[in-house]
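Only one chain comes next, encoded as C-alpha cells, the form predicted alone.
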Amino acid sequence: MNSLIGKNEISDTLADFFIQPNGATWANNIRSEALVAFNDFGVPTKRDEYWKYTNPQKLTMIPTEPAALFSNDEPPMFESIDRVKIVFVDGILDLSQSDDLILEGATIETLVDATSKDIHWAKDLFGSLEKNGQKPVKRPLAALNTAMAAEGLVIRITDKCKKPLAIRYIHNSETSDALVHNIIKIESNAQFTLLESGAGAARFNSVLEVDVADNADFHHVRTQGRDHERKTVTHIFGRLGKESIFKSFTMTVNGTLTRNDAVLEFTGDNARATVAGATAGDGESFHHDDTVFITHDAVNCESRQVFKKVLRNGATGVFQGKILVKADAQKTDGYQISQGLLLDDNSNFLAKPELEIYADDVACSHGSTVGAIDEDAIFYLVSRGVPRKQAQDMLVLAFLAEAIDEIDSNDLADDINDRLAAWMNRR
C-alpha cells in the first residue's frame, strides 16, 4: 500500500506508471531534467510544510481510485460566449469535438507538435517557469507533469485577441489518469483570455505556464467540474513583465480532492496581478486547497489574493497564501483576504496567510476569518417573507461576490453567479 512504502519508492512507482514522451532533443532534455527533479523531491506527504492541511495520497497512489462519471442536463460552461473551443477527453485532445485551432492574434499548436520541432520558441519557456517555481517551495507533482505530459497546447499571442479560447476538459472514464501541460506566451501589448472548464479525468494533473510580456494582459477564468469523486491538482506558473496584467479566477464545486497551486513572479515594474477563487463544498468527502505564492521582485507592483469558501456537512477548505517582497521591490502593494463561511458545526476552514517583506516602502496586508452565517440577516429576510432556504442562498452568494467581482467580464461573472445559484438550489 502507498502508506507502507517510502516516499522515493512511491515516486519511482508513480513515474513508472506514465510513459515519457519522445520529441526533439531540447524537449527530451527538459523532460529528463524534470524527472530527475521529481525523483529528488519525492512525492508530497503530509509531513511537508505546504501539505500539512491536505493529504496528497489520492494524488500519488497507483492506480488511482475510480471516480464515477457525473452527468447533468446543464449546458457546458461558457457555451453562450463567442469563443474558440478546444476539447480534451480524459486528458487527450479531441479534434472532432474542437473548433479549428485558429484564433485571430494567436498561433495555437499541440504540445506534441511543438516539442517535436528542432527549433521552436517554446524551448525557452517549456518547463522554465515550473522549474523556477520550485524555489523555495518544492512542487513535485508539477515536475512530474513537465516530465511526463504528452498532451497540451502551446499558444503564442501576438495581438489583442477579440475572442477568448475556451478549453473544456471532459471526464469520460472512471479510471482515467491525465496529465495536461499548457504553455502561453503573450507578447508585448497583446491581450488574451483563457477559459477552462470541466473535471478532466478521474485524476487530473495540469500545469499552465504563462509568460506575460511588457504591457500585455492575461485573463483567466476557470470552473472545475462538478464530478463528485474526481481528484484534481493544478499548477499555474506566471511571470509578469513591465506594466502587465495577470488575472485568474477559479470556481469550484464538488470533487473529492482539489489542490490549486498558483505561483507568480513580478519581474517588471508597475505590473498588477490577481488570483481569486470562490468555492462551495458539501459533504465530508469534499476537500479543497488553494495555495498561492507571489514574489514581488520589481517596483510599484500590486497583487491581490481573494478567496471565499462556503462549506457544509463536514466539508473542508484550505487556504495557504504567501506574499514575498524582495529588497528592491519598493512601493509594493500586496493584498490578501481569505474567508470561510461554515453552514454547520462539522465543516472546517484552515488558513495560513504569510507575509515575508525585505523592502521598507510597502503596503501589504492579509486577513483571514471564519464564521457562521448571520442569523440576524436570516431573520431580517425571513420576517419579510423570504423563505429561509432562499434567504441563506442569498447571503451565500453575497459572501462569494467579492471573489467573483475580480472577474473583469460582466458576462462571465453573471454566468458564474447563475451556476452557483443553480447548484445551491439543487443542494
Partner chain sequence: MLNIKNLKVGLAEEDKQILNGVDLNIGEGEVHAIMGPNGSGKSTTSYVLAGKDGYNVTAGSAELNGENLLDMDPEERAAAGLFLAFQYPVEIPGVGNMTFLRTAVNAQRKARGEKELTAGEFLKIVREKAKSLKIDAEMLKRPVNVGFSGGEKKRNEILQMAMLEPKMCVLDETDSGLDVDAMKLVAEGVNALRDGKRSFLVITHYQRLLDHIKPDVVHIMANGKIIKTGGPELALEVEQNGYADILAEVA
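Nothing here was measured: the structure is a model prediction, and the numbers come from that model. Residue numbers count along the first chain shown, from 1.
The same protein also exists as the form predicted in complex with the partner chain; that form is not shown, yet it is the one meant from here on.
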For this session: Examine E49 and determine whether its closest non-hydrogen atom to the partner chain in the predicted bound form is within 4.5 angstroms.
Result: no
Problem set entry | Partner proximity in the predicted bound form: G385 to the partner chain, non-hydrogen atom cutoff 4.5 Å | yes
Exercise. Is there a non-hydrogen atom of A68 within 4.5 angstroms of a non-hydrogen atom of the partner chain in the predicted bound form?
Worked result: no
Exercise. Within a 4.5 Å heavy atom cut-off, is N29 in contact with the partner chain in the predicted bound form?
Worked result: no
Exercise. Though the partner is not shown here, which residues of 377 to 400 have a heavy atom within 4.5 Å of the partner chain in the predicted bound form?
Worked result: A377, F379, Y380, L381, V382, S383, R384, G385, V386, P387, R388, Q390, M394, L395, A398
